[in-house]
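We begin with a single chain expressed as structure tokens, specifically the form predicted on its own.
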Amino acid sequence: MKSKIIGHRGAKGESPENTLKSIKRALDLGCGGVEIDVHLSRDEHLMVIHDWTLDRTTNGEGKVKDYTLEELKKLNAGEGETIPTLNEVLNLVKGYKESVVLIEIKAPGCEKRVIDCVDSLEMKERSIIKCFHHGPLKMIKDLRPDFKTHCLLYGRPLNPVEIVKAAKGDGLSISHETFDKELVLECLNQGLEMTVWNANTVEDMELFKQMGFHYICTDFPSLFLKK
């Protein structure tokens, strides 16, 4: 099995994170996919932005959920980029054959909207939905068992495999800071997919490839992919 290199929030370390410019850069470099984050606007549009607030990544301030799509689209998300919608991101990724998109749900209650958006663009086979809160993932699997989900974990719970099984998940996504080899082997032996974030050195990238991670996220795809 060959690991897929995934652009974390596009090419987070090289271009404004979670923007179409950043996502396109990662895919143009040859990433096998991108990882993005989703919040809801006040009028319930799916917005691709990491934080609950606008302050760090845009010239706006306050909570994402307090603004409408029209208001959010007027903000500068870096280098003149706007905050994209999930629909815009999926349309972009769709144009890159076999590229996948890892969608992290940040806002509670948007699960059905994410499913509907992915369905509308026929991107189910190329999408993975993930979340630190595992209840929404189980809700998705109960509703649509055909959707692929990954449980996000930071740290090392006593039994991560049982956590994934309880959520009916297909895989586990863990931090490079807290992973351990025993856990990776256990998950792979149980038939679970494995994702790690973020490999930002050549040494880390080679280690995670050798260990058999399915998806390896990086902030700096140009370190590993040259086009």
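The numbering used is simple: start at 1 and walk along the sequence shown. Keep in mind it's a predicted model, so treat the numbers as computed, not measured.
Keep in mind the form predicted in complex with a small molecule is missing from the figure; the text below concerns it.
Chemist: Where does the small molecule sit in the model of the complex: which of 119-127, 139-147, 104-112, 91-99, heavy atoms within 4.5 Å?
Modeler: Correct option: 104-112.
Chemist: Please pick, from H50, K168, H176, K65, the one residue with any non-hydrogen atom lying within 4.5 angstroms of the small molecule in the model of the complex.
Modeler: So the residue touching the small molecule in the model of the complex, by this definition, is H50.
Chemist: Within 4.5 Å, heavy atoms only: does D37 come near the small molecule in the model of the complex?
Modeler: Result yes; D37 sits at the interface with the small molecule in the model of the complex.
Chemist: Any of the heavy atoms of L152 lying within 4.5 Å of the small molecule in the model of the complex?
Modeler: Looking in the model of the complex, residue contacts with the small molecule include L152, since a heavy atom lies within 4.5 Å.
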